[in-house]
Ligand SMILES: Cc1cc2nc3c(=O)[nH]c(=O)nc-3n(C[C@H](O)[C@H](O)[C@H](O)COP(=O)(O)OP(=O)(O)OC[C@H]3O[C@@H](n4cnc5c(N)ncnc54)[C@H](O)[C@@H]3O)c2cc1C
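One chain comes next, on its own, written as structure tokens: the form predicted on its own.
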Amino acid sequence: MKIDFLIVGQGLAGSLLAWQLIDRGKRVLVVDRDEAVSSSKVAAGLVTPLAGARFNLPDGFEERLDFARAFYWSLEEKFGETLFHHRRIARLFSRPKEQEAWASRLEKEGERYARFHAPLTIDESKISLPYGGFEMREGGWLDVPAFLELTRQTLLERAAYAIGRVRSGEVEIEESGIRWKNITAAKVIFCEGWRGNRNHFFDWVPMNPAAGDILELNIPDLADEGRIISKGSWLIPIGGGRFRAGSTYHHRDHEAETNAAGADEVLAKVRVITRVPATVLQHRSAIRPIIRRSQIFMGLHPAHPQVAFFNGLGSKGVVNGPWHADRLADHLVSGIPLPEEADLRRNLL
């Protein structure tokens, strides 16, 4: 079987790249382990424009946000499914220093920030608001499992998906491309999430995986709250008084396992937001792929241009992923240079 690109992994990175390569008329095969639990399948899919205690708005964020929305909207229109849920975010300050940081941002960059904030009104009998807050515009969440399943079904219809494991030692480098079993391709792209440096091509990539726990809660007293609530952690309304809540962050490089300590940690964070009763309906845990300072890295292997890498999407992958997948596809197909800050060979060699 001869194809243009072999993609290893059908998480968020592999799925986004597959769409971009297909849009460029390329024949792909995506090989995935089809695991029940993965970081992409467990991910909250949050879009929070103003992140962290300093409310940083990264350079180029607006472009990447608009690109991501256009990408998800195009799939929704084509397939008649809802993937991205637009929600404002009730961003609550955790301490006086956050109030000060926010005031400083508005003073210095008020014009740029105007797109992303509005006054906050919230029921303080249910929500803890000792230091105030604001309402964040342009937020929401992507139903990542639904997006992955839509991608998988589309790939299956194109005979472009297979369940399996691609071991790097089985990939043969040839002058015109690569060979894996009975597959020949111009290039192979490894999109393996937290296992990204567990093959001999990229064992030098400094990955530092982190496990995270997410709960699904029933909170009837907040059933009328349609916004995401953020205060050191987050609550995502998913309907009928149910919320996703998270998350924890623990570095370890083995398979994720749910345990009572992880659930208790998330519940403790939820109680900082609200004291109304909450019942745990589900507890999931997965390993996040993290490279160095939570950066996205992609590009060609320094010694084998037939082999490529796309990884590190992290917690902001829903926004950053589509834009970076588009740039990587341009690089793989047309040789257009990658963004310098994400170029694997410029940053990790």
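All residue numbers refer to positions in the sequence shown, first residue = 1. All values derive from a computational prediction rather than experimental measurement.
Below, we refer to the form predicted in complex with the ligand, which is not included among the displayed structures.
With the ligand left out here, work out from 149-157, 206-214, 92-100, 119-127 which stretch has heavy atoms within 4.5 Å of it in the predicted bound form. In short, 206-214.
Ile189 near the ligand in the predicted bound form, any heavy atom under 4.5 Å? Ile189 lies outside the contact set for the ligand.
At 4.5 Å between heavy atoms, is Gly164 in contact with the ligand in the predicted bound form? Heavy-atom contact with the ligand at 4.5 Å: present for Gly164.
Would you please decide whether Leu12 lies within 4.5 angstroms of the ligand in the predicted bound form, comparing each non-hydrogen atom pair? Contact with the ligand, yes.
Might Arg288 be said to contact the ligand in the predicted bound form, defining contact as any heavy atom within 4.5 Å? Contact with the ligand, yes.
Which of these residues, Arg33, Lys26, His304, His283, gets a heavy atom within 4.5 Å of the ligand in the predicted bound form? The option sitting close enough to the partner is Arg33.
Relative to the ligand in the predicted bound form, which residues of 44-66 have a heavy atom no more than 4.5 Å away? The stretch 44-66, when checked against the ligand in the predicted bound form, contributes Ala44, Gly45, Leu46 at the 4.5 Å heavy-atom cut-off.
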